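So here's one chain in two forms, each on its own in structure tokens, numbered structure 1 and structure 2.
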Structure 1
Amino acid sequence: MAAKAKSKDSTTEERIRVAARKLFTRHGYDAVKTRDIAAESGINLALLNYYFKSKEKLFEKIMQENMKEFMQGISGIVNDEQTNLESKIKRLVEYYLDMLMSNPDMPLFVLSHAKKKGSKLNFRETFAQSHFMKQIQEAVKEGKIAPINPLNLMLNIVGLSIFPFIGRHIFQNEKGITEDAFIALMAERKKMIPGWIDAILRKK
């Protein structure tokens, strides 16, 4: 009986987190009410409060999960010693765009919280000691690529991948781009960004 109750509790908590992630990511912290989360979860408000005490605590939990997922994906790619520099760049672009196509509102979700709470994504810490960093430094030293600050390279990859999703609603509303057209545009971009980065790195 005890094991069954524990399983039920775990399932309910997961349902709340899934519902909250969906609503916070789509609408933002201020627009979502605890009753909205309860309704989306299929539970009553008292049970929601029992598990997470407040909307702020639930939001913090969801944000931590988003940031952990975000950074783990980067870390796994930049520290893979089996791939070369070109492959890492391609994989980073694919990772960002695939993740963002599944979670298109995540960048604004993360940025709004970072601005409000002063949260850090620790890009520098993740990147500084990575295998990717060593490959860039070696390639510059050997004259294979143009000299570049590795952090600038990473910012270019991230910026080129993420910006369309930050401005997605502007593009779609003002330029009349449909959802299907936007998806096709991002699929094209997945192929183009590595080429743009290669042009930046190419030895003059």
Structure 2
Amino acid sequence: MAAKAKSKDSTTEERIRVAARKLFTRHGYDAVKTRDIAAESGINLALLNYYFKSKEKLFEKIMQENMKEFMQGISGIVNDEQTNLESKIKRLVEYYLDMLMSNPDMPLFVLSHAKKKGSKLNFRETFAQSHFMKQIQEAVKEGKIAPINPLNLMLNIVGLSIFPFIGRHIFQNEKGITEDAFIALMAERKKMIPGWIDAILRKK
């Protein structure tokens, strides 16, 4: 029974998928070979084609998963009619910081592959029809916040949240900060970014 439960938790297909996700997310499509994935998942090379038909098909699957995870929580937040603008901004920042703390390679992967057909990722579209966008426009009209191009606001929220993960290797190395310091820095930013965005919005 224990053996059966273990088998259920780790099917061959699942092991391949997990290994592929790890490698593709970190290194991208071309740098990762089918033999790398086979080794990482502890399977025979031919099983990759047996279960996923081709390297490319496997990659597309991983790409969809990553894009979905990157976007998944956003819709709920930006379309929630029970929260105000300030709260939405805070939740967006928290969503990204939490997600990326557990998967720091994700944004670089997502942004590197956003141009591929099939990626189906459109920030602008997601925000354009949202309740969040309405709230911004109303606040500008009521003079509660400084006029700002909604796309710029979106870029600022996402950029301030994501950029440190994308760029972490340019300051996290032997001459830079440690892994622990990076984690502390991100925790600090998680708290500070909503305030920074607020300052930008209230700029005179």
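If you superpose the two forms and keep the largest set of C-alpha atoms that fall within 1.5 Å, you have the rigid core. Nothing here was measured: the structure is a model prediction, and the numbers come from that model. Residues are numbered by position in structure 1's sequence, first residue being 1.
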Checklist line | Which of the two shown structures is the form predicted alone | finding: 1
Next item on the list: Tell me, please, whether between structures 1 and 2 the C-alpha of K190 is shifted by 2 Å or more, with the rigid core used for superposition.
Entry: no
